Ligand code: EPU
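What follows is one chain in structure tokens, specifically the form predicted on its own.
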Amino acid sequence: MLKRNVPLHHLNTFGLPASASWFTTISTPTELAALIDTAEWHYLERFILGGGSNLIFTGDFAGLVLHVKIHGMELVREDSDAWIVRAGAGERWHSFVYWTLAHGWLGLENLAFIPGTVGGAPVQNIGAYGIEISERVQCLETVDLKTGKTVIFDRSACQFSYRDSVFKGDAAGRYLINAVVFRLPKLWEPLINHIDVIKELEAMKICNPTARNIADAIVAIRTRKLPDPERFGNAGSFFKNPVVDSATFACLASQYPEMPYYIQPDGMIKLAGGWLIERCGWKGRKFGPVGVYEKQALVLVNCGGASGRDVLALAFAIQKSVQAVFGVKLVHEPVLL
């Protein structure tokens, strides 16, 4: 089951060079159980790999890479309020979204065209255009990599927060997600408060959008704003939008009244990280073999032949610049390995 010295450049969307000392593909929970029983399992460091869309390889990995390819999508049941839908962790996220829409199970349309896999989506608590995946997750089916036992995480146990979950913190590397169960509401209302979505639907001449209309509009928006990984390797938005308190925001707003912002339910203020980066003059700039995408300043791109160290050097330069101008710290989204 185990392979030695496997190249990983084709398994991360940034196209960064790296190799794994040990590598295996997990297609079923049974395969994982068999692997946990092997002698090699107990002394190798492990890393769980999904679609590689939120990952920066900073060098070779001396341990075991577990490439999750568990598939399958099904309607588990329905009740008076919702459809309960289950998907294998290895399913492509965007394909899963459109599969649910094709069956009339609505609620994920605003998350269309986000790269990666179903299993990786809750780890990052992906979100876009007014919703986060945490609002639709019912539970996660996982395997404890220490004991081999199945462990179910309900929504509260996942400890979801902005672009974060327990699987990036205390449970990082401990549990392999093999399936995600979603609760999709039958009482559906379109989420079209974002200005980009409003403008796109207007351009499509749609006044009363369906969920599929919204998904198609978001695909169009993201296609224009984000680079094609086949042309420019990237990991999507490289930085989180920073969240500041009201006092910090008031000070910034007095200096930059045109600065975009979003008031959060807890009273904190989310700033537009791309605007901060662009205001510091980084949008469209190259930094050796890496650069900042010309259409979206939150996205760093591989201009050809970049290494993980090149990416981190550019990210650090941007963070330093934004901190100096605005006094705001940018935090990276991708996992650094």
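Predicted model only: the values in this text are computed from it and were never measured. Counting begins at 1, following the sequence as shown.
Below, we turn to the form predicted together with the named molecule, even though it does not appear here.
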| Between the options 60, 31, 40, 278, which residue brings a heavy atom to within 4.5 Å of the named molecule in the predicted complex? | 278
| Residue among 174, 183, 163, 94 with a heavy atom within 4.5 Å of the named molecule in the predicted complex | 163
| query | Taking 4.5 angstroms as the cut-off for heavy atoms, does residue 134 touch the named molecule in the predicted complex? | reply | no
| query | Is there a non-hydrogen atom of residue 239 within 4.5 angstroms of a non-hydrogen atom of the named molecule in the predicted complex? | reply | yes
| said: Is residue 71 part of the interface with the named molecule in the predicted complex - any heavy atom within 4.5 Å? | reply: no
| Does at least one non-hydrogen atom of residue 232 fall within 4.5 angstroms of the named molecule in the predicted complex? | no
| query | Which of these stretches, 199-207, 96-104, 74-82, 122-130, has heavy atoms within 4.5 Å of the named molecule in the predicted complex? | reply | 122-130
| Does any residue in 253-283 get within 4.5 Å of the named molecule in the predicted complex, counting heavy atoms only, and if so which ones? | 260, 262, 272, 274, 275, 278, 283
